[in-house]
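In structure tokens, one chain follows: the form predicted on its own.
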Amino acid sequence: MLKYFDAIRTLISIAIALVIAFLIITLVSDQPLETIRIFLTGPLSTTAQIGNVIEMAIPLMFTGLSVVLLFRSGLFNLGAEGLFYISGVVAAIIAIYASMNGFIHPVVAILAGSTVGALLSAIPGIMKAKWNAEVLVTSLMFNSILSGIGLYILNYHLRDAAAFANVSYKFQETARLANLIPGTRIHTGLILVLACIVATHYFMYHTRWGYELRMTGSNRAFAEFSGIKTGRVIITVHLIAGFLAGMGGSVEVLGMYTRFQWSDLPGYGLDGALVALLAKNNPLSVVGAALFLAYIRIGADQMSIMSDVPAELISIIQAIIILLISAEQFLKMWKNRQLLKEAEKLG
């Protein structure tokens, strides 16, 4: 029952955020009803728009799944952003310079990006496990470091001077992911991320390692007392989360682009934290959370094109959702403390 109650409270938070957004639209738009209609139905208006929602949801699922693992183990790590970016750079290098057949080429590029993501993610994990370094700080610093390294590689080793833009040479066609649905850009990365979600759910709830992860996140001291090597758990979860974030960056680059063209962090890693919050750190719920976030963003884009309300409204909606969900968690902690105090009074 508690899980259903949490889901209801999340839905209420989303509903409140949307109601506030609609009130803002009413205040700033000359045609508020038409603007709201575009926002709500625009993403479903054509096959291409539906495709846009799914295309945007794929990287959000990857980073959301990565952050779910970290949050569930009690680690407030926001390093998926930098890992997503640098892994895309690695995949681009393989896609540009390596020559392979059409099946092996994307597999090698994705595995290379994922492996780099895992190894780099392990660094904050080791620092946390060995020296109890604050993982939020180290992960955010790594985002800046990896962004600088990736931009250096793009500018001095991958940049195509003939393109008159800060983009790489074109990928070889054999490296690009296959399209799944004609008329859209939905690619085989969708199948891959859904498989990862199912595998992560099984790992978390049906294996001994998943139990150790959840116990470490619930109470690290108790987990250590129970014989769980929490340092090993922290490093392992960082490796897996980094692998998933790296896979997301590699898949996004090879599935959506013909060149590497990110001159800055793309933002999907930080969005993964919002997806994880909406999903209540449940791997299976990542699908719905990512689709919802992608849906309202595509709706906001349609609204900005076809009405007099800017797409920046979506930032307001996201901020309100985060505030409400965070407040909900704070109230839950306060309630638990009150229950403990009452229990102590009763002896």
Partner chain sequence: MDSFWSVLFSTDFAFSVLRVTTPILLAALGALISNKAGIVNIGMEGTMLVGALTGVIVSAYTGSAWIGLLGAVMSGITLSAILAYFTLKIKTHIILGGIAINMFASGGTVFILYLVSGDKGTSTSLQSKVLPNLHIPLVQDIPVLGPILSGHNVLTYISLLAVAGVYYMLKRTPLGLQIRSVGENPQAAQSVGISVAKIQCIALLLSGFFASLGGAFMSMGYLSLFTRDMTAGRGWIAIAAEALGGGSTIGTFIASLIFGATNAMANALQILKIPSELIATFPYVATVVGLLVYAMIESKRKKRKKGI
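Since this is a predicted model, take the numbers as computed values, not measurements. Numbering follows the first chain given and starts at 1.
Just so it is clear, the following notes concern the form predicted in complex with the partner chain, a form of the same protein that is not shown.
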Q) Of 142, 262, 243, 171, which residue is found within 4.5 angstroms of the partner chain in the predicted complex when only non-hydrogen atoms are counted? A) 142
Q. Among the candidate residues 119, 158, 111, 136, which is the single one with a non-hydrogen atom no more than 4.5 Å from the partner chain in the predicted complex?
A. 136
Q.
Can you tell me if residue 48 lies within 4.5 angstroms of the partner chain in the predicted complex, counting non-hydrogen atoms only?
A. no
**Q.** Heavy atom of residue 284 within 4.5 Å of the partner chain in the predicted complex
**A.** no
Q) Going by a heavy atom distance of 4.5 Å, is residue 273 a contact of the partner chain in the predicted complex? A) yes
Q) Does the 4.5 Å heavy atom contact test between residue 30 and the partner chain in the predicted complex come out positive? A) no
Q.
Heavy atoms within 4.5 Å of the partner chain in the predicted complex: which stretch in 230-238, 128-136, 95-103, 243-251 meets that?
A. 128-136
Q. Going by the partner chain in the predicted complex, which residues of 63-81 come within 4.5 Å of it through any heavy atom?
A. 71, 76, 78
